[in-house]
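Taking the form predicted on its own, here's one chain by itself in C-alpha cells.
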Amino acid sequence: MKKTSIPSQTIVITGIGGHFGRAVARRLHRHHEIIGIDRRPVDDLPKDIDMEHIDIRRRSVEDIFRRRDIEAVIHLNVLHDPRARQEEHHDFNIVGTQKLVNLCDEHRVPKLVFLSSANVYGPDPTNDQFLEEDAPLMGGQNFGAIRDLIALDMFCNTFFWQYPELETVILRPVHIVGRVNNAPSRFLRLDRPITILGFDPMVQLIHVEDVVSAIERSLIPGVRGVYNIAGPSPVPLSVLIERLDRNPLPLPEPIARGVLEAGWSLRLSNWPVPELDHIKYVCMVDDSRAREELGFEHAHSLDAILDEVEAMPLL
C-alpha cells in the first residue's frame, strides 16, 4: 500500500489517560478532532482535546456518540493489572468492549482500532522463528493475566463477521518501549535485571512512537484485519543488556522463580512469575503484512530506542 493520505476525522480514544494513550493523542490531535475517554484524571493533554472522565461501561458514554458524528474509535482502555481479580478484568475488558462495539454499530461508526499485543502468541521453545497473524494464541497457557487479553483479542476478531460494516483493525505490537510504564520498559531500566542461566532469547522491540504510527496508518479508510507490528531486527537479550551497560543477575531458573514468588507475595515486586518466560523463550513475529498493506515503516533504530531507554528513569 502506498502512503495514502488520511482524511481528518472525529476520533474517540479510550484509555487516553495512560502514557501510551497520551502519546496517541499528542500525535493525532494535529490533524483530527479528538475526544478522550478515561475514568482516570488527565491533566496534561493538548487543550483542543475534549476530555470525558467516564468509565466505558457507564450508560453516559452513549451521550458522546449521540452528540457527535464519530468516524473512528481507538480502543486502548484495557485493564492489565496482574494483581486485579479475574472478575474485575473480565467485567472491565470484555463487558466494556462489548458496550463500545454496540455503540459503534448503533451509531454507524466506520472504524474500530484495537491495540492488542504480540504477547498473545506466547513465548515458547516450539515457536516458529517468526509467527504470522494466523498463529495460535498460546500466551495464556502459563500466564493468567494474558488469558484476558487473548479473550479480548479473539472477541474483537469476531467483529469481522458480526459487524461487517465496521472496519475492525487489531494491532499486535512486539515489546513497546519508550515513555510508557510497561513491563519491557521497566525491565530494561533496571540496573540489575534478572536473567536465566542457559537462556538468551532473541527479542523484538518497537518504539512507542512507531506503534502510534501504526495506529495512524490503521485509520486509512478500507483497512481492516489483524496486523503484527514490529520495529528493528531482533537481537539476543544479552545484547540489549550489554548495550545498556546493565549488570545482569544470572540465576538458575528455580532460584529466579523463588525470588519472584517471594517478591510478589510480599508485594515487594510487581513482576509475576510467568514473566520469566519472556526472558527464557522466543516469541518473534512476522510484520510483513503491516508493511505491505498499511504502508507501515518503523522510524526508530535499535540504537535510538536504547538511547532513549538509557535517558529515562523509572516512571
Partner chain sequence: MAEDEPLTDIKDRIDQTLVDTLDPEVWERIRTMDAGQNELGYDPFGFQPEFLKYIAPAAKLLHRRYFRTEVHGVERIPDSGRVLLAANHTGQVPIDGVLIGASCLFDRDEPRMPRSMVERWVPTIPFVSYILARCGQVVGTRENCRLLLRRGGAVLVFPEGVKGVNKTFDQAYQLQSFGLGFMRLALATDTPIVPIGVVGGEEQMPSIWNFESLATLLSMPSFPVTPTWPLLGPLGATPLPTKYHIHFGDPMTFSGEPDAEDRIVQSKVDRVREAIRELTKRGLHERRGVFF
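Numbering follows the first chain given and starts at 1. Computed from a prediction, not measured in an experiment: that's the story for all the values here.
Just so it is clear, the following notes concern the form predicted together with its partner chain, a form of the same protein that is not shown.
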Considering its partner chain in the predicted complex, find the one stretch among 279-287, 25-33, 260-268, 41-49 with heavy atoms no farther than 4.5 Å from it. 279-287
Go through Pro164, Pro136, Pro125, Pro221 and name the one with a heavy atom inside 4.5 Å of its partner chain in the predicted complex. Pro125
Sole residue of Glu106, Glu132, Asp81, Asp91 within 4.5 Å of its partner chain in the predicted complex, by heavy atom: Glu132
Check whether Pro110 has any heavy atom within 4.5 Å of a heavy atom of its partner chain in the predicted complex, and answer yes or no. no
Are any of the heavy atoms in Phe143 no more than 4.5 Å from a heavy atom of its partner chain in the predicted complex? no
Is Met154 near its partner chain? Define near as a heavy atom within 4.5 Å, in the predicted complex. no
Residue-level question: is Glu71 within 4.5 Å of its partner chain in the predicted complex, judged on heavy atoms? no
Residues within 4.5 Å of its partner chain in the predicted complex, restricted to 36-71 and counted by heavy atom: none
